[in-house]
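Next up: a single chain in structure tokens, the form predicted on its own.
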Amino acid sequence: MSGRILTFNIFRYDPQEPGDKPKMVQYQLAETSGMTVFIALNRLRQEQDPSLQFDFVCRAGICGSCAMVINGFPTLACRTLTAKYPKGEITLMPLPGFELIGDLSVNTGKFMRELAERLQLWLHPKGGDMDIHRLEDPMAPEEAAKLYELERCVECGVCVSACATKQMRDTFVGAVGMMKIARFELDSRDGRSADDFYHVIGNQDGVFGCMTLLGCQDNCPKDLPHMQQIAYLRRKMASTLL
């Protein structure tokens, strides 16, 4: 479909600019073979509007920086081909649920940092041994593979924006928070018990607040097993009540 003229309707608003108001601005661009939304945005900024704000780092679906809402679905711009849209009309909005920096740029880093501090998303060694010079305990390959699967999260924020519960209740930790909790619950080196984790996510802001609408599962660009891990944590948290 190269050679088409694409129409982009892009949300524009700079909260740092006095008097600026949210608006949609239309741009047109000639499509090229293999073009992604990310490539199109870079061309628009280089050729038409240098003030256009959006985020990117790796361009390979690894950093998660270019997440945005594309035609109503949160996803990564660098992994979305413009050829996917036969009508050639593409609407771009910033991810909801995050602090807006400007246009399509949101502060996912602030959200992830606050989430990590709130849920204590770091290894708590058994026995409280914090000696950084001690050799790490060996880990079975099977356990390492399970942890690696959960570590593939790139913190793009797509699951947060796709979550209806999160949009209704700002204190909900979201799938990304529960995925990270599941990672440490599975880690044999972590000294926390199921009861310890219950006091962190065993409530309506955690595993019992999820409405199982599958927004996180359906939209995750890394195809992570969000619902599987939420169900696993629910069983673990429920067992502490018996």
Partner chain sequence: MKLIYTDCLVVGAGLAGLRVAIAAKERGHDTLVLSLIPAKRSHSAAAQGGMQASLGNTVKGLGDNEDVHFQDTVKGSDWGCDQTVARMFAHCAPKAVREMSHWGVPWTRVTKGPREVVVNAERITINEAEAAHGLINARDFGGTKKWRTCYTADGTGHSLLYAVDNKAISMGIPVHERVEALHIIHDGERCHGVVARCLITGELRAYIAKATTIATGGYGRIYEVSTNAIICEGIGQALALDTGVATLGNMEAVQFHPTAIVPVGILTTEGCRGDGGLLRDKDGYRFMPDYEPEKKELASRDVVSRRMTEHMRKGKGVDSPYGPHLWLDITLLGRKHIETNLREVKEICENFLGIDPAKDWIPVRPTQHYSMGGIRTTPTGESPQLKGMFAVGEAACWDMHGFNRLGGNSLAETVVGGMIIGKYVADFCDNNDLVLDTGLAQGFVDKARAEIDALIDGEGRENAWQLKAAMQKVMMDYVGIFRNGPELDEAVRQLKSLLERAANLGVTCKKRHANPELVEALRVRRMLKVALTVACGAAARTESRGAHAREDFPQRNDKDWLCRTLASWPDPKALEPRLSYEPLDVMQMELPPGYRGYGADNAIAHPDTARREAEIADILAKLGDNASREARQQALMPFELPESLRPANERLSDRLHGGVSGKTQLTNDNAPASNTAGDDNS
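Keep in mind it's a predicted model, so treat the numbers as computed, not measured. Residue numbers count along the first chain shown, from 1.
Here the subject shifts to the form predicted together with the partner chain, a form of this protein not shown in this document.
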Next on the checklist: Taking any heavy atom pair closer than or equal to 4.5 Å as contact, tell me whether residue 89 reaches the partner chain in the model of the complex.
Outcome noted: no
Item to check | the partner chain contact in the model of the complex: residue 154, any heavy atom under 4.5 Å | outcome: yes
Next on the checklist: Can you tell me whether residue 64 touches the partner chain? I mean in the model of the complex, with a 4.5 angstroms heavy atom cut-off.
Outcome noted: yes
Checklist entry - Is there a heavy atom of residue 82 no more than 4.5 Å from a heavy atom of the partner chain in the model of the complex? => result no
Item to check | Any residue of 43-73 that, in the model of the complex, places a heavy atom within 4.5 Å of the partner chain | outcome: 45, 46, 50, 51, 52, 53, 55, 56, 57, 58, 59, 60, 61, 62, 63, 64, 65
